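One chain comes next, on its own, written out as structure tokens in the form predicted alone.
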Amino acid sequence: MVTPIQVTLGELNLPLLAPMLIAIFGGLGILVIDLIKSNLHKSLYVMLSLMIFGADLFTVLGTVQGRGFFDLMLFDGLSIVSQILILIASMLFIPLALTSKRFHEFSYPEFFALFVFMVAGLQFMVTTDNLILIFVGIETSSLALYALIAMHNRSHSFEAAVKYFTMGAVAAGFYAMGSAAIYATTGSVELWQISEALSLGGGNANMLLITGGAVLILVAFAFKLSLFPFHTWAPDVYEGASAPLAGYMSIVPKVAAFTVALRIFSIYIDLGIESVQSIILILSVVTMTLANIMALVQQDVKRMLAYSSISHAGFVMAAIAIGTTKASTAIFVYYALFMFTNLGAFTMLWISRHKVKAFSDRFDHPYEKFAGMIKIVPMGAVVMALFMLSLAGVPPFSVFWGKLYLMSSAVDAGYIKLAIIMGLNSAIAAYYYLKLIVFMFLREPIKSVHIVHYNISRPLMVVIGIAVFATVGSVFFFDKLLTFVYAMMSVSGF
């Protein structure tokens, strides 16, 4: 007779689910409010979303590290850091809904509910080491994000949503096949058990299957992180989405994807499986280089920033192959600094929107639109220039410190050539960032077209002000940020 397994509530450690439950019930609460009283002003839903994310962040900071819910949930330093970044970026994005009456998707409570559900899915992704639950988190967040893009309700938005959905479906297939291959060999979908099985060794056939599974999962994350050659969807999707949502997409889903990739591929790196490490390094170098080359020839600032985000993702991907605690720390330090600058840059595109394509029949944000911006909106030109200089890695602005720390981690680990390639790519990237500054400060405004309407509302000024403060003042808090993230990575064993 089989003895039933006795599980107590204390052993389940259900408080580990609290951050995700806050987001899930918060999203359901928004939908219930709309059922009870429809046509409420969007400011209510903005405030509710901010309260949900604030309570979620407070819960994350107060939750004790450990395992729970049948050991499916893993709340460690890596989970805490990634959730903090996800929630802070979400709290910066939501107030942008108050900046415009033109884009109607922000008037729908469904938009805010989907956004909250997407964040919950991302939190599940980073708070588990179970391959199945990671997949559930990926699909939950992705399905919500497809709908958010389509709600922009333009032809480019529908096209972008379909492309993103198609690429996401392909990535899901690769992830499922890779996970199945690993499960067939190790008999587990828990990463810690997979690590133990791999450390015990195996025959060549088994190692071939395990490595093949890792490559399939790497392809899946190459789609999610828009790494070469799976990056082609990103510029079109960013162009079709609203500017703030494009900026959000360039940061938050990638933070979650990097967290999961670090959990999975650190197993292979620690065991010295050089084939996986070499593939990651090649993907990193090719992505950052080709994305920079493509950004050089873009005629639209939004597409340039899209290729820029791809290059930054390739830049950061190298840290996973390096495999040291310093390199793992660099991933989240980099994105903590990059987050404010990149979201600020996309937000500046948001305020320079216009109803008709007066400057180009093809693009919404051609470089010509920003010609002479210093004479039209001087403060806006200065702020945009600050963001461009930071993205270029010019000291003492924020992204410079992230690039410097990541390159130093490569040097410390003996990857001198990799560090040199990173430096050369930063120099290439400076050209297309400075190109926009030249248009804003040294070109004359185009008189033959309508003047661009710059909508600078108070919520938007607050978001941009925070982004500018983080970009310019990073030198004062970089050391504390580094100390915190490094401590979290050390505790988690990365």
Partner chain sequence: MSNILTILVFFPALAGLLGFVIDKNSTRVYGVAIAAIEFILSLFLWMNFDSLNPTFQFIEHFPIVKDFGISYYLGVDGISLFLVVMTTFMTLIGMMSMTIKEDLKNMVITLLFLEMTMVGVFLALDAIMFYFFWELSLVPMLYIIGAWGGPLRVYASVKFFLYTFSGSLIMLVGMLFVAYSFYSAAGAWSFAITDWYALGFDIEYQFWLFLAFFVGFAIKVPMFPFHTWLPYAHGQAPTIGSVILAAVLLKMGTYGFVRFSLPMFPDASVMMITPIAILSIIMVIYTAMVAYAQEDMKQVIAYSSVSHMGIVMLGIFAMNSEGISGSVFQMLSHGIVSGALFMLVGVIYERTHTKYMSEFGGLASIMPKYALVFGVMLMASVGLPLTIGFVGEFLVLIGFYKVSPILTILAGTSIIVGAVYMLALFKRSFFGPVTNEANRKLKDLNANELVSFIPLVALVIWLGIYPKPVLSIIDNSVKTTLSIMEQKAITPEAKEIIISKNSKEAK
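Positions refer to the first chain, counted from 1. All values derive from a computational prediction rather than experimental measurement.
One more form of this protein, predicted together with the partner chain, exists but is not displayed; see below.
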| query | finding |
| --- | --- |
| Leu442: touches the partner chain in the predicted complex, heavy atom cutoff 4.5 angstroms | yes |
| Contact test in the predicted complex: Val438 vs the partner chain, heavy atoms, 4.5 Å | yes |
| 4.5 angstroms heavy atom contact with the partner chain in the predicted complex for Gly393 | yes |
| Residue contact check: Leu200 to the partner chain in the predicted complex, 4.5 Å heavy atom | no |
| Heavy atom distance at most 4.5 Å to the partner chain in the predicted complex, all of Thr232, Tyr238 and Ser250 | no |
| Thr325, Ser408, Ser278, Gln299 - the one with a heavy atom within 4.5 Å of the partner chain in the predicted complex | Ser408 |
| The single option of Leu271, Ile420, Val286, Ala180 touching the partner chain in the predicted complex, heavy atom within 4.5 Å | Ile420 |
| Proximity to the partner chain in the predicted complex (heavy atom, within 4.5 Å), stretch among 462-470, 56-64, 424-432, 39-47 | 424-432 |
| Members of 467-483 lying within 4.5 angstroms of the partner chain, judged by heavy atom, in the predicted complex | Val475, Phe478, Asp479, Leu482, Thr483 |
